[in-house]
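Just one chain follows, in the form predicted on its own, and it is written as structure tokens.
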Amino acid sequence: MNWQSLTQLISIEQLIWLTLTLFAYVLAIGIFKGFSYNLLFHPIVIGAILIAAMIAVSTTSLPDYQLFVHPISWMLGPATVALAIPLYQQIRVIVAAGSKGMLVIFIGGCIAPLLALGWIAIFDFSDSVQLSLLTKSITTPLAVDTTRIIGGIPELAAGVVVVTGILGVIFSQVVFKLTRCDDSRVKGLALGTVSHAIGTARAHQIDAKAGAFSTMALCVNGIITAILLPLFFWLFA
């Protein structure tokens, strides 16, 4: 097989996997709506199961799949940046929150990795696995790069981020009911700080104000963690 034929084959395979991935996403959205937006059937969970099944059936390796769908993975960055739009639309409300809102995000961003450290101390995980859990509460693009810098496993970190986001959204409903929280700003800050993009998507379903505060929390917590975590390991490791 010559180089031109190989290039054409790869291009066709990439197109097929891109199409299948988008189909799985659309199908997952349909299932999510069909079950009345039950978080147990979240599109990320269902989509991941569908993709895993297709990879297993086709005997395609995970690195090959990641290569084929790289254009979709690349869109994670621009999609995160696009969250600046609702943030701008609610900028006056956010500015009014002032330092109190920032303090909540900072405290939550510090507690998240500390809780991860306390939990993994119970188990005999390898160092690389332990490091991969520290970025569980920041959005995937930042978590993957930060984990790689501190010596963790980026792929594991991405999976942990997804699980954390879904569990955070599920338990947030219970917490909001128990605390009788009806403030959209508080809900948004909590969801964005703990459950990153998945929590932010949920916050936008609540209302525009919750979505804006969640977006702010997602961005600020992600940036703080991405800067301080590698710096901490550089200074004390």
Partner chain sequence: MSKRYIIESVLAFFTLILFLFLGNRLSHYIALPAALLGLLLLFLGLLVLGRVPTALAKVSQFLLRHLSFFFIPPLIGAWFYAEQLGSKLWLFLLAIIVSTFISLCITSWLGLRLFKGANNTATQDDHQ
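Residue numbers count along the first chain shown, from 1. The term rigid core refers to the maximal set of C-alpha atoms that superpose within 1.5 Å between the two forms. All of these numbers come straight from a predicted model, not from anything done at the bench.
Note that the form predicted in complex with the partner chain isn't included here; everything after this is about it.
Remark: residue 12 does not count among the residues lining the partner chain in the model of the complex, judged by a heavy atom distance of 4.5 Å or less. With a 4.5 Å cutoff on heavy atoms, residue 58 does not count as touching the partner chain in the model of the complex; it lies far away.
Of the heavy atoms in residue 171, some are within 4.5 Å of the partner chain in the model of the complex. Under a 4.5 angstroms non-hydrogen atom cutoff, the partner chain in the model of the complex lacks residue 40 among its neighbouring residues.
Core-superposed comparison between this form and the one not shown: CA of residue 71 displaced by 2 Å or more. In a rigid-core overlay of the protein, residue 227 has its C-alpha displaced by under 2 Å between this form and the one not shown.
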